[in-house]
Structures are given as C-alpha cells and as structure tokens.
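There is one chain below, alone, in structure tokens, taken in the form predicted on its own.
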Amino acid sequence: MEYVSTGVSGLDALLRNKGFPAGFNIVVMGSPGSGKTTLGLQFLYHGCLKGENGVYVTLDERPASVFRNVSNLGIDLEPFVKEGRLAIVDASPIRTIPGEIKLGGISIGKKDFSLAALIAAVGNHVKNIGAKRLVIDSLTSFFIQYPRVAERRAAFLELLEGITPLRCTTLLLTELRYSGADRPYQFEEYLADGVIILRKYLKNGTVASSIQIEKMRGVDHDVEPHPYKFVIGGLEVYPTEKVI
C-alpha cells in the first residue's frame, strides 16, 4: 500500500507516520468553524508543494472567498491555480443562480442538477492536470438536494463510485450532525474508507478542539482524540497530548 502525507503537522504521527493510504475516500466531519475546509486546502497545498496536483470542488462558497480566508493562515493557493497544478470546480452557483449554469463546460439546470454532471466535471479536471488529490467541500450542501436519508445514502454511494476510479486520495468534508459520545453514526461513516472527526469542547471555561481518526480501513492508527489548533500554515495537531 502506498501513502500520501496529510500535510498537517502532527496528523501523520497518528497514522504511524505514514499518512493517508493513496486512493482512499476519507470523510472529514466537523461542526462549523472546526477547520474542515482548512484541513482540506492544507492537504491540497502540501500536495502541490510535493508535485502532486489537486482538484478542489466547492459547493458552499466562491473559491475567491475560500482562498482569501486560508491566505490569512499563510496558505497561498493562487500560484498553483495559475500554474495549472490546482484545478477548481466551482459548484456553488447551483445554490444561488436560477436557470442554466456551466459546470466544467457542462450545462446543467439549478432544479435538475445532475450528479453525473458533477462527477464528469471532476473527472475532466483530474485527468487534465493528472491530479492525485481531491477535496469536495462540502457534502452538506450536496445532500440538501436529497430530502430523504435513503436518497442521500444512494447519492453518496453513486458519488463514491464515480470518483473512486479516478484513483485520487480524496477528502470529503461534511457536517458532524451529532457531537455527543453516544451519538448515532452517520451513514457516511460506514461507506467511506476512512473517517476523521473534528470536535469543539469546553475545557476550563474555554473552547478547545480535538481531532480523532475514527476509522482507516486496513491501517494501524491512533484512535484517541488529540488536541489541535489553528496556526500559521493551517492546523497543527498535538499527537502526544490527549483530550481529557
């Protein structure tokens, strides 16, 4: 099995210093503001630095807004976009613009948004630049189109079936709908190859954050939650510290 570095300081240590298994589809779950997008873009940024091209799919915000926010942490993605090493699939207009829109050269309607069109657009960008890394941000917006759980599960399976043949190491960002220790599992957790959970919690009267690798199929990994924080460069994980 081959591995790719996460690009997140301290996170590789939780994966026995190997990183993510290449080609895995990994769900990153967390509450708003927990750092899901930062982790995803940090992963792509690190890949570009190592010569591993990437594709970023945004279903929430405009790319300019996302890039501006992470630039405050020292993650400058614009040069990689200009060099053709990082491709952007901006699917955010699906939520805001009526009528037909263009997505990766494919015309689709707002009300008739086709999952196949999204998969095709992602596939085109991956092949055009030879991408090895892929981030989809976020599944929460993607699932809005499917009101029933059975429909969301089927759509997620179809998405996985569409992107897996691309052989990218993929991070699929999504909302952590329940945060308690006895929370019910979300269906994404069963279907993905790996699951990473970002949580916020109160400690000594202040809000702290923890990261936990809940699942990584066939890979030895640390399953305990560990603290992390935002620093210049993105997220920094403290693998030797535990959350009490």
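Numbers for residues come from their place in the sequence shown, where the first is 1. Predicted, not measured: the structure shown is a model, and the values here were computed from it.
Although it is not shown, the form predicted in complex with a small molecule is what the next lines describe.
query: Among 183-191, 215-223, 25-33, 44-52, which stretch has residues with heavy atoms no more than 4.5 Å from the small molecule in the model of the complex?
result: Going by heavy atoms within 4.5 Å, the stretch is 25-33.
- Message: Please identify the residue among Leu77, Leu139, Leu73, Ala121 with any heavy atom within 4.5 Å of the small molecule in the model of the complex.
- Response: None of the others qualify; the residue that does is Leu73.
- request: Please state whether every one of the three residues Tyr3, Glu161 and Thr169 places a non-hydrogen atom within 4.5 angstroms of the small molecule in the model of the complex.
  value: No, the whole trio is out of contact, none within 4.5 Å by any heavy atom.
Might Thr38 be said to contact the small molecule in the model of the complex, defining contact as any heavy atom within 4.5 Å? Result yes; Thr38 sits at the interface with the small molecule in the model of the complex.
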